[in-house]
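Just so you know, structure 1 and structure 2 below are the same protein chain in two forms, each on its own as structure tokens.
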Structure 1
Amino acid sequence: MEKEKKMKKPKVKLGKLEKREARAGWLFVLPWVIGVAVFMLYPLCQSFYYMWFNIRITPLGTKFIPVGTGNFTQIWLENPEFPQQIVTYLWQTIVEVPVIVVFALMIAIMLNGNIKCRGLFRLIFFLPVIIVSGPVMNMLVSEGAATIPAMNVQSIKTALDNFLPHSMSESIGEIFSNMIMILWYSGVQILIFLSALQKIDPALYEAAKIDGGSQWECFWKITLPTIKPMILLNAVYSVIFLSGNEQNSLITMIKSAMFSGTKEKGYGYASAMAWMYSLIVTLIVLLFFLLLGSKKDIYDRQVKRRKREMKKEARTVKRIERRGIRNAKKIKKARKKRNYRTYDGSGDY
């Protein structure tokens, strides 16, 4: 018991100043905490509850009719549009995310270079994030601003059709139709890469150049490994952005199901759709995490292994020490009882 007490950290009573600072800290984060609780956790729990019901919102009150897994079976078995859209979404996201990330990285490297009017160019590349949102984006798409006129999308689709299944070639073909729009989605990612690039120690490049490293080698050996965590971050951000923006037909479908007046649809049906969709989005995020999640390099692994070995050695030393103490006690006891003899050289033990 005494030992346990010793192991516990002593409770430190906060001083007046620290208490005040802690309170101020809590007050600062309070809006966020309330926001998360009210606008995220509560709707999340609510939608989880809703998905097991058929909900009718009448002027006299809300009717909850339990349907069990009825909403799910209806979505998968009676709504052919949802599975189709999910397949399209999967292909598009898997192809679009690398396009966005690579484009953002290229632009970030260029904007990080020593060029004239660098500030202006940085502003230009971030502008779409501010301007092209919601209805503006919808209008631009409807006016055909998302396509590159010189690109013959139909030929690309036909070519893809020759060696890919139709649903896959159609989805990938759509990416070429919306190429400009996809590139417009890169604003935030460029910013993240830019900040990561600026944090790389210039001494590394200097040392590499002294050793005769080319720009190409510097990119692969210094830049890319250093900003690798940012690639994962940007990939995840892109997946979430593509999955939740207004151009996503699944979002439109969920929204229209939510406000649909038909008796099968409504809040319950839309909630079930949204939960299944979020599960699929999570799976895609996991996929990118598995692909891009940082793996330690050989040096890191060796250090880790050495640390493990050192810990093991320390444990062995402690064990030997403990055994020695135990044996010493045993000998002491036996001596007291006088039945402990040491070897006297007579040949008898």
Structure 2
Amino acid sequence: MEKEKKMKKPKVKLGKLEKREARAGWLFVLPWVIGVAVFMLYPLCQSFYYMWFNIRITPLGTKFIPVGTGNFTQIWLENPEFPQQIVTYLWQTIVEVPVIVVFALMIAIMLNGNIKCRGLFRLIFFLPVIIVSGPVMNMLVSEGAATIPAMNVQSIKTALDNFLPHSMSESIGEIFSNMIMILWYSGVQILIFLSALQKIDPALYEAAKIDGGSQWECFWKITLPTIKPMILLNAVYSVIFLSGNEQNSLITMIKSAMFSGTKEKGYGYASAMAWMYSLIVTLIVLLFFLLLGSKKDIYDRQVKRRKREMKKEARTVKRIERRGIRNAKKIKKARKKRNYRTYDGSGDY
């Protein structure tokens, strides 16, 4: 039996247009890569090194006293405020992110419609992202501009305490007390949803309406599946933004620990706290990725299943052919052997 040679797939060379698009993509990504390499990579390595030491700044210089995992045990055993703030942060993030994403999607759908002064409304919803940041945000929060005056937040917290644990009710109550500020965070998400909505082919909606589809069915069957990757992107962006926001109490706690003059705290203590906090943020991002990550379409699964069946059938056909060739050889060999035995030497069988 002849051995079947496996055919190697020929290498496909990129055309001029594809090469130009690849170069353009690298040029767009290059500023981010340079920024990460210059301004982020070294501080990350430095903080990872610091968290294993108790760092003291003296007139004679900086002293590094190795403590191993002492900073971590000190944070969890001697600082009861950190675990409490972590639990509060978890509940607030898990609730706030869906609120921000849903609100941004609703506003983006309305702004994508055929309305008058559409550009003005887009500017109004994105303007807080530019203006309300840093000291301006702190001043507005201190003046109570982040809350809704007509909303009785205390009564909502009291009602939630009757049904939920105190930590959960406290976290959800903080969302109601900062509702305006949370909605201010949705400007970038609105723009991302708008760009995704404008990429949808209007012919899809026209075909659906011809077939009798309603607006609700068009939303669930066309709009939502098309912009699903943008939902994941906005969820991840919202998590990162809320985690690094100046209004986050954990960020304030890490800053105060970094510039603390006590012997127990300092740069090493704050670095260990920051790395544990970043690990928790990463786990939250992974959670949203598992919930909102793009799953394979049912038609893609059917195509792959059909390809596997075709490969299995081809292997079966080849196995039958090889078996037939072996049987034919055996029969031919048996005939030759039988003819040799019955030959009498006179030319007759």
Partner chain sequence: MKKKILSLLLACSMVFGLAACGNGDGGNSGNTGNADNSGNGGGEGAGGVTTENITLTFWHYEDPTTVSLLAEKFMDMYPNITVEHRVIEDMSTDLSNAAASGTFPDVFEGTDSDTALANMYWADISEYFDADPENQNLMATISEYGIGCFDTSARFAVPMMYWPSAIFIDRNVIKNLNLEMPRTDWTWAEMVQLVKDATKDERTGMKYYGLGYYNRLDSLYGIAACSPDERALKGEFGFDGTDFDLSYWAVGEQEFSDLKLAGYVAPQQDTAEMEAWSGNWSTWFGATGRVAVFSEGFWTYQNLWGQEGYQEEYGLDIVPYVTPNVVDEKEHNVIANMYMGGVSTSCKHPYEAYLLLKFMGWGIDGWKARLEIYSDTSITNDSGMPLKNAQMPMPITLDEEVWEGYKALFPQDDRKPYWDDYFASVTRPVPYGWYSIAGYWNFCDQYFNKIGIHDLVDKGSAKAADYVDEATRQANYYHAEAMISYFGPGGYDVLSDEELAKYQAVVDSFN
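The term rigid core refers to the most C-alpha atoms you can superpose between the two forms while keeping them within 1.5 Å. Only a predicted model underlies this, so the values are computations on that prediction, with no experimental measurement involved. Structure 1's sequence is the ruler for residue numbers, which start at 1.
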Quiz item: Pick one: is 1 or 2 the form predicted alone?
Solution: 2
Practice problem: Note yes or no: does the Cα of Pro43 move by 2 Å or more between structures 1 and 2 after the core is superposed? | Solution: no
Self-check item: Did Thr69 shift 2 Å or more between structures 1 and 2, C-alpha, core superposed
Solution: no
Quiz item: Does the C-alpha of Leu283 move 2 Å or more between structures 1 and 2 once the rigid core is lined up?
Solution: no
Quiz item: Rigid-core fit: what Cα movement does Arg306 have between structures 1 and 2, in Å to one decimal?
Solution: 3.0
Quiz item: Aligning on the rigid core, what is the distance the CA of Val33 moves between structures 1 and 2, in angstrom?
Solution: 4.2
